[in-house]
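Take a look at this one chain, the form predicted on its own, written out in structure tokens.
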Amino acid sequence: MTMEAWGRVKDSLVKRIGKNNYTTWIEPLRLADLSEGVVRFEVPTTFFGDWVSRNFADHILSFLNAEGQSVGRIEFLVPTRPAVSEPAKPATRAKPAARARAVQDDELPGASLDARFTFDSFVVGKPNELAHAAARRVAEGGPVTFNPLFLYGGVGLGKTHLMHAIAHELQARQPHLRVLYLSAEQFMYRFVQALRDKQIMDFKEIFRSVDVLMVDDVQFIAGKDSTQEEFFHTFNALVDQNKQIVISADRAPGEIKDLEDRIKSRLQCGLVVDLHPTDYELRLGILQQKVEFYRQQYKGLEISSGVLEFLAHRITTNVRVLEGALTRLFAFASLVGREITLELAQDCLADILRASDRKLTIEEIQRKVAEHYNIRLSDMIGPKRLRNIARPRQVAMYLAKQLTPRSLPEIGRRFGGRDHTTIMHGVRKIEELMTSDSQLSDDLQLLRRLLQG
């Protein structure tokens, strides 16, 4: 096989599996020879060859045969290293092309990047402007200024979008960089598999040779002792090499239960940024951007004035629910051939609107606050004035005033029949402390996410 033919195969592969996977797993392959229906490639390690064999061999075989090469099998060879006299051994052989199967994202060494998740498609507003600016800085690919960048927030607030956007931008600016993006669950799976296959050194070589490591939803390794141990050493090895790390989670490092203290400490050494719940203006901006996309997809479909404002006001849970509602609305209107009016939106999205209308109760707030501060609910409502009870009680009063439409006298009745002036004092006290007590501010943000998510 000529190098020109292999070059055409590589061009096809990058389109099929994406630039990120291509750069990490196909580009390092070195064509050795092709004879008797077997193509052989040199690979850096046995572990590397096994991954390519399991996940990309079928694609390689398919494109080679399309080039008229008549190949039935792939072998991956680890070249003899200069310091070792022992001959190289072939890695695991690939399955024949006849057994080709679809490659799922969760089987890839790194998760596939979503082409939609770029900086251009990310709508910036006050709740996420700091996270966006930090992500942009990392994506510039200059000297590492904060390591790691730790993004946290509730579901559907844009953490994964920003991580994909960083990876896309880095690959566009510096294609030579080895950027590896995956979920914490995938990291754990690769580690367990390497232990089982006695390939832990290959695992270490792969994960510690990347230029940028991005791990999504790191809270999932909490409580997994062996995985945490390996993650800790991988983290340290990359930081020592001045390699960039980007991490996301659903809460701040210090709030992740069963995460080792040494890992919490490492994660807090960089820049920790919270993506706050969306506000009305940001939700409206997101909808306006999505509408432009759908107008291209559904030619001639009209949307009445006021519909987007209605959705931004009513659907406050998270961006995914909001975008899903708009997707359903356009699809339904297209199927029935009607203009998207306020009445159509109310009919089509009745279930989503009902779920969004669920009223938060004072009792729910009291239970969640009591659970967060590890006190009894009866003590919160009762007469005790100990500081470790009085402060959580004031937090619950503040949240009840902020998150429910109840009046101060109504809130007072739910707190053991207290006078409305007591409630007012508690609310003002929390408002004063929020500006100087960072721990209290973090507690309030977490409780808001738990109650409103």
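As the structure is a computational prediction, the values presented were derived from the model and not from experiment. Don't overthink the numbering: it's just position in the shown sequence, from 1.
Here the subject shifts to the form predicted together with adenosine-5'-diphosphate, a form of this protein not shown in this document.
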property	result
is_contact(R190, adenosine-5'-diphosphate) in the predicted bound form, heavy atom dist at most 4.5 Å	no
4.5 Å heavy atom contact, F310 to adenosine-5'-diphosphate in the predicted bound form	no
4.5 Å heavy atom contact, V246 to adenosine-5'-diphosphate in the predicted bound form	no
Proximity of R266 to adenosine-5'-diphosphate in the predicted bound form, heavy atoms at 4.5 Å	no
Position in contact with adenosine-5'-diphosphate when the complex is considered in the predicted bound form, options T160, N147, S112, T361, heavy atoms within 4.5 Å	T160
In the predicted bound form, the one of R136, R208, K290, R178 near adenosine-5'-diphosphate [non-hydrogen atom within 4.5 angstroms]	K290
Stretch from 228-236, 116-124, 376-384, 168-176 whose residues place a heavy atom within 4.5 Å of adenosine-5'-diphosphate in the predicted bound form	116-124
Heavy atom contacts to adenosine-5'-diphosphate in the predicted bound form at 4.5 Å, residues of 306-330 in sequence order	V319, R320, E323
